[in-house]
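Look below for two forms of one protein chain, each set out as C-alpha coordinates: first structure 1, then structure 2.
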Structure 1
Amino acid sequence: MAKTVVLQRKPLSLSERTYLPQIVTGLKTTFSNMFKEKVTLQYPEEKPNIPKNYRGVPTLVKDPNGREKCVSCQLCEFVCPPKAIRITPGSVPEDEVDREHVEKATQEFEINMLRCIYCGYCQEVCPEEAIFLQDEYSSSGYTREEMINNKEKLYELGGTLPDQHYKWDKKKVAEGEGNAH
(Lines of atoms letter the chains of each structure in order from A and count residues from 1; the text may use other names and numbers.)
(Lines give C-alpha, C1' and ligand atoms only; values in the text may rest on other atoms or scores of the structure.)
Protein backbone atom coordinates (compact mmCIF):
# COMPACT_ATOMS: atom_id res chain seq x y z
CA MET A 1 0.00 0.00 0.00
CA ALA A 2 1.17 3.55 -0.77
CA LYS A 3 2.48 5.60 2.11
CA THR A 4 0.80 8.98 2.60
CA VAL A 5 3.16 11.92 3.06
CA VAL A 6 1.86 15.12 4.62
CA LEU A 7 3.85 18.24 3.80
CA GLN A 8 3.88 21.07 6.27
CA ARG A 9 3.72 24.63 4.93
CA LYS A 10 5.95 27.19 6.51
CA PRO A 11 4.05 30.14 7.93
CA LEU A 12 3.88 33.34 5.84
CA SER A 13 5.95 36.32 6.90
CA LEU A 14 4.37 39.72 7.54
CA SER A 15 5.32 41.09 4.09
CA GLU A 16 3.97 37.98 2.38
CA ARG A 17 0.68 38.29 4.26
CA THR A 18 0.23 41.91 3.15
CA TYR A 19 1.07 41.12 -0.51
CA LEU A 20 3.20 44.29 -0.70
CA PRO A 21 6.18 42.68 -2.49
CA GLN A 22 3.91 41.33 -5.23
CA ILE A 23 2.16 44.69 -5.67
CA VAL A 24 5.49 46.53 -5.88
CA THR A 25 6.82 44.01 -8.42
CA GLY A 26 3.71 44.48 -10.58
CA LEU A 27 3.93 48.28 -10.42
CA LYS A 28 7.65 48.16 -11.29
CA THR A 29 6.83 46.12 -14.41
CA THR A 30 4.05 48.54 -15.39
CA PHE A 31 6.22 51.65 -14.97
CA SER A 32 9.13 50.14 -16.86
CA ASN A 33 6.85 49.40 -19.84
CA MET A 34 5.34 52.90 -19.79
CA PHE A 35 8.61 54.46 -20.91
CA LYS A 36 9.55 51.93 -23.60
CA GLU A 37 9.02 52.55 -27.31
CA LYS A 38 5.48 51.74 -28.40
CA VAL A 39 5.11 48.59 -30.51
CA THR A 40 1.39 48.88 -31.21
CA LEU A 41 0.51 49.73 -34.83
CA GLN A 42 -2.71 51.52 -35.76
CA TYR A 43 -3.74 49.02 -38.42
CA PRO A 44 -4.74 49.56 -41.30
CA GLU A 45 -3.29 53.09 -41.39
CA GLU A 46 0.08 51.80 -40.18
CA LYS A 47 1.40 48.54 -41.56
CA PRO A 48 4.42 46.57 -40.37
CA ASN A 49 7.64 46.40 -42.35
CA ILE A 50 7.53 43.41 -44.66
CA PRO A 51 10.67 41.34 -45.26
CA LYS A 52 11.96 41.40 -48.84
CA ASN A 53 11.49 37.62 -49.23
CA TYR A 54 7.83 37.81 -48.20
CA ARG A 55 5.44 35.69 -50.26
CA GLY A 56 2.16 37.55 -50.48
CA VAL A 57 -0.80 37.55 -52.83
CA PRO A 58 -0.05 36.14 -56.32
CA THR A 59 -0.88 38.61 -59.10
CA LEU A 60 -0.43 38.95 -62.85
CA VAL A 61 1.81 41.70 -64.21
CA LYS A 62 2.17 43.40 -67.56
CA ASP A 63 5.40 44.34 -69.30
CA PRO A 64 6.54 48.01 -69.51
CA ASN A 65 4.68 48.39 -72.83
CA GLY A 66 1.37 47.36 -71.21
CA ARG A 67 1.19 43.93 -72.86
CA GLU A 68 -0.01 40.85 -71.01
CA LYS A 69 2.97 38.65 -70.24
CA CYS A 70 0.98 35.45 -69.60
CA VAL A 71 1.00 33.15 -72.63
CA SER A 72 -1.32 30.54 -71.08
CA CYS A 73 1.32 27.81 -70.80
CA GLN A 74 -0.59 26.50 -67.76
CA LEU A 75 2.56 25.52 -65.86
CA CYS A 76 1.39 27.47 -62.81
CA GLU A 77 -1.94 25.64 -62.87
CA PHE A 78 -0.12 22.31 -63.08
CA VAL A 79 2.37 23.01 -60.27
CA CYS A 80 -0.12 24.57 -57.79
CA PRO A 81 -0.40 22.10 -54.85
CA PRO A 82 -3.96 23.05 -53.74
CA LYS A 83 -5.16 23.56 -57.34
CA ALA A 84 -6.07 27.18 -56.65
CA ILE A 85 -5.26 28.37 -60.21
CA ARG A 86 -7.59 27.82 -63.15
CA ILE A 87 -6.63 28.93 -66.65
CA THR A 88 -8.74 28.79 -69.80
CA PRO A 89 -6.47 29.25 -72.82
CA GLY A 90 -7.62 31.26 -75.79
CA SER A 91 -6.21 32.45 -79.07
CA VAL A 92 -4.08 35.52 -79.62
CA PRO A 93 -5.93 38.31 -81.46
CA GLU A 94 -4.57 38.62 -85.00
CA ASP A 95 -4.36 42.41 -84.77
CA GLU A 96 -1.58 42.16 -82.17
CA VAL A 97 1.50 42.16 -84.39
CA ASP A 98 3.97 42.28 -81.51
CA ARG A 99 2.70 38.91 -80.23
CA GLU A 100 2.91 36.96 -83.46
CA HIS A 101 5.36 34.43 -81.97
CA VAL A 102 2.98 33.68 -79.05
CA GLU A 103 0.74 30.66 -79.64
CA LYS A 104 -1.89 31.18 -76.93
CA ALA A 105 -3.28 33.90 -74.71
CA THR A 106 -5.36 33.62 -71.58
CA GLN A 107 -9.09 33.78 -72.04
CA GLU A 108 -9.74 33.33 -68.31
CA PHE A 109 -7.30 33.27 -65.40
CA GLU A 110 -8.54 32.77 -61.85
CA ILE A 111 -6.81 32.28 -58.52
CA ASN A 112 -8.96 31.10 -55.63
CA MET A 113 -7.46 32.91 -52.65
CA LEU A 114 -9.33 30.65 -50.22
CA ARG A 115 -7.30 27.72 -51.53
CA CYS A 116 -3.99 29.49 -52.15
CA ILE A 117 -1.28 28.53 -49.65
CA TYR A 118 1.16 31.28 -50.73
CA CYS A 119 3.86 28.74 -51.57
CA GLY A 120 5.30 30.75 -54.49
CA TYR A 121 5.56 27.79 -56.88
CA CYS A 122 3.51 29.65 -59.50
CA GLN A 123 6.02 32.53 -59.53
CA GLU A 124 9.00 30.17 -59.69
CA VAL A 125 7.69 28.07 -62.57
CA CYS A 126 6.41 30.92 -64.79
CA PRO A 127 8.70 31.13 -67.86
CA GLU A 128 7.37 34.57 -68.84
CA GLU A 129 7.65 36.09 -65.34
CA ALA A 130 3.96 36.96 -65.52
CA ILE A 131 3.12 36.00 -61.92
CA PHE A 132 4.57 37.88 -58.98
CA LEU A 133 3.84 37.58 -55.28
CA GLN A 134 3.10 41.09 -54.08
CA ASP A 135 3.59 42.56 -50.60
CA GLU A 136 -0.17 42.50 -50.00
CA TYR A 137 -0.97 40.23 -47.07
CA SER A 138 -4.52 41.07 -46.09
CA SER A 139 -7.22 40.16 -48.55
CA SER A 140 -10.79 39.83 -47.39
CA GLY A 141 -14.28 39.48 -48.74
CA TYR A 142 -17.84 38.89 -47.62
CA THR A 143 -18.51 35.96 -49.94
CA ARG A 144 -16.53 33.10 -51.45
CA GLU A 145 -16.96 34.59 -54.92
CA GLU A 146 -15.19 37.79 -53.81
CA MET A 147 -12.14 35.72 -52.87
CA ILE A 148 -11.71 34.36 -56.40
CA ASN A 149 -9.46 36.81 -58.23
CA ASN A 150 -10.22 36.90 -61.96
CA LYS A 151 -7.85 38.07 -64.69
CA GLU A 152 -8.87 41.74 -64.47
CA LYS A 153 -8.47 41.88 -60.69
CA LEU A 154 -5.12 40.07 -60.87
CA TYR A 155 -3.80 42.65 -63.37
CA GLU A 156 -5.19 45.46 -61.23
CA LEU A 157 -3.37 44.12 -58.15
CA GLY A 158 -0.15 43.36 -60.07
CA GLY A 159 0.09 46.36 -62.36
CA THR A 160 3.18 46.85 -64.50
CA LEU A 161 6.60 45.79 -63.29
CA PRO A 162 9.89 46.65 -64.91
CA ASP A 163 10.92 43.78 -67.16
CA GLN A 164 14.57 42.79 -67.01
CA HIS A 165 14.41 40.67 -70.13
CA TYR A 166 12.36 42.58 -72.72
CA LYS A 167 11.68 39.19 -74.24
CA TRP A 168 9.42 40.27 -77.08
CA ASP A 169 11.41 43.40 -77.88
CA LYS A 170 14.63 41.35 -78.20
CA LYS A 171 12.95 38.92 -80.57
CA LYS A 172 11.87 41.81 -82.77
CA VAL A 173 15.42 43.20 -82.78
CA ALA A 174 16.91 39.75 -83.46
CA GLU A 175 14.44 39.11 -86.29
CA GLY A 176 15.19 42.53 -87.77
CA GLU A 177 18.95 41.91 -87.65
CA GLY A 178 18.48 38.48 -89.22
CA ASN A 179 16.63 39.99 -92.18
CA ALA A 180 19.22 42.74 -92.65
CA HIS A 181 22.08 40.29 -93.34
Structure 2
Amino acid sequence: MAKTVVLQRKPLSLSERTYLPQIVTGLKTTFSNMFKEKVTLQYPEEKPNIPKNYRGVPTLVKDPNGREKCVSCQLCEFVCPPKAIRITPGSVPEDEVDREHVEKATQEFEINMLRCIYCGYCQEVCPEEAIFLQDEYSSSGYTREEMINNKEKLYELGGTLPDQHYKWDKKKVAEGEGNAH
Protein backbone atom coordinates (compact mmCIF):
# COMPACT_ATOMS: atom_id res chain seq x y z
CA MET A 1 0.00 0.00 0.00
CA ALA A 2 1.27 3.35 -0.86
CA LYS A 3 2.19 5.42 2.09
CA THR A 4 1.24 9.05 2.19
CA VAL A 5 4.12 11.24 3.19
CA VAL A 6 3.18 14.63 4.48
CA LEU A 7 5.90 17.06 3.55
CA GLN A 8 7.03 19.31 6.32
CA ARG A 9 7.30 22.80 4.93
CA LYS A 10 9.80 24.77 6.85
CA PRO A 11 8.84 28.38 7.43
CA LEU A 12 10.90 30.68 5.27
CA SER A 13 13.85 32.32 6.90
CA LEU A 14 14.13 36.08 6.95
CA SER A 15 16.61 36.22 4.09
CA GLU A 16 14.38 33.94 2.04
CA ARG A 17 11.39 36.13 2.69
CA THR A 18 13.12 39.16 1.24
CA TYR A 19 13.61 37.16 -1.98
CA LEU A 20 16.89 38.99 -2.45
CA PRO A 21 19.31 36.02 -2.29
CA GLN A 22 17.13 34.14 -4.74
CA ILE A 23 17.02 37.12 -7.05
CA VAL A 24 20.80 37.31 -6.98
CA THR A 25 21.03 33.62 -7.86
CA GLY A 26 18.66 34.20 -10.74
CA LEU A 27 20.67 37.15 -11.94
CA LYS A 28 23.81 35.02 -11.90
CA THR A 29 22.13 32.36 -13.98
CA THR A 30 20.94 34.77 -16.64
CA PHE A 31 24.30 36.50 -16.71
CA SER A 32 26.23 33.30 -17.26
CA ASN A 33 23.73 32.38 -19.96
CA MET A 34 24.78 35.44 -21.93
CA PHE A 35 28.11 33.86 -22.79
CA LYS A 36 26.86 30.43 -23.71
CA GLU A 37 26.92 29.28 -27.27
CA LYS A 38 24.01 30.53 -29.31
CA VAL A 39 21.57 28.06 -30.76
CA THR A 40 20.32 30.29 -33.56
CA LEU A 41 20.66 28.99 -37.11
CA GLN A 42 21.32 31.89 -39.47
CA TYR A 43 18.94 30.41 -41.96
CA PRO A 44 19.56 31.48 -45.52
CA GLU A 45 23.31 31.33 -44.98
CA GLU A 46 23.35 28.24 -42.81
CA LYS A 47 21.17 25.34 -43.86
CA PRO A 48 19.72 22.91 -41.38
CA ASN A 49 20.93 19.32 -41.35
CA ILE A 50 18.40 17.17 -43.14
CA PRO A 51 18.15 13.76 -41.52
CA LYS A 52 17.83 10.57 -43.56
CA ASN A 53 14.25 9.54 -44.27
CA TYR A 54 13.21 13.19 -44.27
CA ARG A 55 9.96 13.67 -46.12
CA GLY A 56 10.52 16.67 -48.34
CA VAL A 57 8.97 17.60 -51.67
CA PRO A 58 7.86 14.49 -53.63
CA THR A 59 9.99 13.95 -56.73
CA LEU A 60 10.25 11.51 -59.62
CA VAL A 61 13.52 9.64 -60.07
CA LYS A 62 15.36 7.93 -62.89
CA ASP A 63 17.27 4.68 -62.64
CA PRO A 64 21.07 4.67 -63.02
CA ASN A 65 20.66 4.03 -66.76
CA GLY A 66 18.90 7.33 -67.08
CA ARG A 67 15.49 5.82 -67.77
CA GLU A 68 12.30 7.18 -66.28
CA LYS A 69 11.01 4.61 -63.83
CA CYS A 70 7.41 5.68 -63.57
CA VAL A 71 5.08 3.42 -65.58
CA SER A 72 2.04 5.60 -65.15
CA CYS A 73 0.14 3.06 -63.10
CA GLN A 74 -1.61 5.92 -61.36
CA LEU A 75 -1.57 4.22 -57.96
CA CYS A 76 -0.06 7.31 -56.40
CA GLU A 77 -2.69 9.50 -57.98
CA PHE A 78 -5.30 7.23 -56.48
CA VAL A 79 -3.79 7.00 -53.03
CA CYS A 80 -2.89 10.65 -52.61
CA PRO A 81 -5.18 11.86 -49.80
CA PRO A 82 -5.54 15.49 -50.85
CA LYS A 83 -5.55 14.62 -54.58
CA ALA A 84 -2.40 16.55 -55.26
CA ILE A 85 -1.21 14.34 -58.08
CA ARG A 86 -2.56 14.43 -61.62
CA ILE A 87 -1.20 12.05 -64.22
CA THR A 88 -1.86 12.07 -67.94
CA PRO A 89 -0.83 8.60 -69.15
CA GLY A 90 0.90 8.12 -72.47
CA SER A 91 2.96 5.51 -74.26
CA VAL A 92 6.68 4.97 -74.19
CA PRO A 93 8.32 6.89 -77.02
CA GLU A 94 9.26 4.70 -80.01
CA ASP A 95 12.91 5.64 -79.93
CA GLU A 96 13.52 4.37 -76.42
CA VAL A 97 14.63 0.89 -77.38
CA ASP A 98 15.42 -0.50 -73.96
CA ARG A 99 12.09 0.55 -72.56
CA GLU A 100 9.80 -0.46 -75.36
CA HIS A 101 8.53 -3.53 -73.52
CA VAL A 102 7.11 -1.27 -70.83
CA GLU A 103 3.60 -0.59 -71.82
CA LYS A 104 2.94 2.83 -70.40
CA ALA A 105 4.75 5.98 -69.53
CA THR A 106 3.57 9.34 -68.38
CA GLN A 107 2.78 12.08 -70.77
CA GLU A 108 2.39 14.60 -68.01
CA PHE A 109 2.79 14.25 -64.29
CA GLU A 110 1.82 17.12 -62.01
CA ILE A 111 2.03 17.45 -58.26
CA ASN A 112 0.31 20.45 -56.83
CA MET A 113 2.50 21.51 -53.91
CA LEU A 114 -0.28 23.70 -52.55
CA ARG A 115 -2.28 20.53 -51.93
CA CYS A 116 0.45 18.07 -51.02
CA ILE A 117 0.59 17.26 -47.33
CA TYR A 118 3.93 15.43 -47.48
CA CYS A 119 2.36 12.25 -46.21
CA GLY A 120 4.62 9.99 -48.24
CA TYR A 121 1.84 7.64 -49.33
CA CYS A 122 2.81 8.05 -52.95
CA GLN A 123 6.33 6.85 -52.21
CA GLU A 124 4.92 3.94 -50.21
CA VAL A 125 2.45 2.78 -52.81
CA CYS A 126 4.62 3.07 -55.90
CA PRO A 127 5.35 -0.40 -57.32
CA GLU A 128 8.25 0.93 -59.38
CA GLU A 129 10.06 2.89 -56.68
CA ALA A 130 9.75 5.85 -58.97
CA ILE A 131 8.55 8.55 -56.62
CA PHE A 132 10.45 9.66 -53.54
CA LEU A 133 10.09 12.34 -50.94
CA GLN A 134 13.63 13.61 -50.76
CA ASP A 135 15.47 16.34 -48.83
CA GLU A 136 14.08 19.40 -50.63
CA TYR A 137 12.24 21.37 -47.95
CA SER A 138 11.78 24.88 -49.27
CA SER A 139 9.38 25.35 -52.12
CA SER A 140 8.11 28.79 -52.88
CA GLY A 141 6.61 30.72 -55.75
CA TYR A 142 4.83 33.91 -56.60
CA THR A 143 1.73 32.41 -58.17
CA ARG A 144 -0.40 29.34 -57.70
CA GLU A 145 0.67 28.06 -61.09
CA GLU A 146 4.30 28.17 -60.05
CA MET A 147 3.53 25.85 -57.19
CA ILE A 148 2.45 23.05 -59.48
CA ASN A 149 5.45 20.89 -60.25
CA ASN A 150 5.25 19.39 -63.75
CA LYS A 151 7.00 16.31 -65.02
CA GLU A 152 10.12 18.10 -66.12
CA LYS A 153 10.48 19.83 -62.77
CA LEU A 154 9.80 16.62 -60.88
CA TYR A 155 12.55 14.73 -62.69
CA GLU A 156 14.88 17.65 -62.27
CA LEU A 157 14.25 17.67 -58.51
CA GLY A 158 14.44 13.91 -58.25
CA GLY A 159 17.58 13.15 -60.18
CA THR A 160 18.86 9.62 -60.22
CA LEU A 161 18.70 7.19 -57.35
CA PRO A 162 20.45 3.82 -57.12
CA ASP A 163 18.24 0.94 -58.16
CA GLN A 164 18.25 -2.37 -56.31
CA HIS A 165 16.13 -4.40 -58.74
CA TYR A 166 16.35 -3.34 -62.39
CA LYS A 167 12.94 -4.92 -62.61
CA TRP A 168 12.41 -4.25 -66.31
CA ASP A 169 15.83 -5.56 -67.32
CA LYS A 170 15.09 -8.80 -65.51
CA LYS A 171 11.71 -8.98 -67.17
CA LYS A 172 13.22 -8.48 -70.60
CA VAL A 173 15.75 -11.24 -70.00
CA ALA A 174 13.02 -13.57 -68.78
CA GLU A 175 10.92 -12.76 -71.82
CA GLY A 176 13.81 -13.55 -74.09
CA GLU A 177 14.13 -16.95 -72.45
CA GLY A 178 10.48 -17.58 -73.01
CA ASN A 179 9.22 -17.58 -69.46
CA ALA A 180 7.60 -14.20 -69.01
CA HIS A 181 5.66 -13.73 -65.77
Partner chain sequence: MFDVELLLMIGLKVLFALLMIGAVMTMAGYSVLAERKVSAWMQGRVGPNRTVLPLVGSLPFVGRFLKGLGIFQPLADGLKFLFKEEMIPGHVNKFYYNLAPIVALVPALTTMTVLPFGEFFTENGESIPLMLANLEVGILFVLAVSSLGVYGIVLAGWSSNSKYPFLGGIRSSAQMISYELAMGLSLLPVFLWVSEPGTGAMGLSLVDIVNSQSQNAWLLLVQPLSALIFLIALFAETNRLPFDMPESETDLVGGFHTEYGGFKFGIFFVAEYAHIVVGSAIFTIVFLGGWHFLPWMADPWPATWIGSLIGVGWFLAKTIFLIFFFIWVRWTLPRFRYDQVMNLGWTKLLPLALLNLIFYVLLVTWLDQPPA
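We call the rigid core whatever largest set of C-alpha positions still superposes within 1.5 Å between the two forms. When a residue number appears, read it as a position in the sequence of structure 1, where counting begins at 1. Here the structure is a predicted model, which means the values were calculated and not measured.
- The form predicted on its own corresponds to structure 1, not structure 2.
- A movement of the C-alpha atom of residue 65 falling short of 2 angstroms is seen between structures 1 and 2 when the two forms are aligned on their rigid core.
- After superposing the rigid core, the Cα of residue 117 is displaced by less than 2 Å between structures 1 and 2.
- Put the two forms on the same core and the Cα of residue 28 is off by 2 Å or more between structures 1 and 2.
- Taking the core as reference, the Cα of residue 7 moves 27.7 angstrom between structures 1 and 2.
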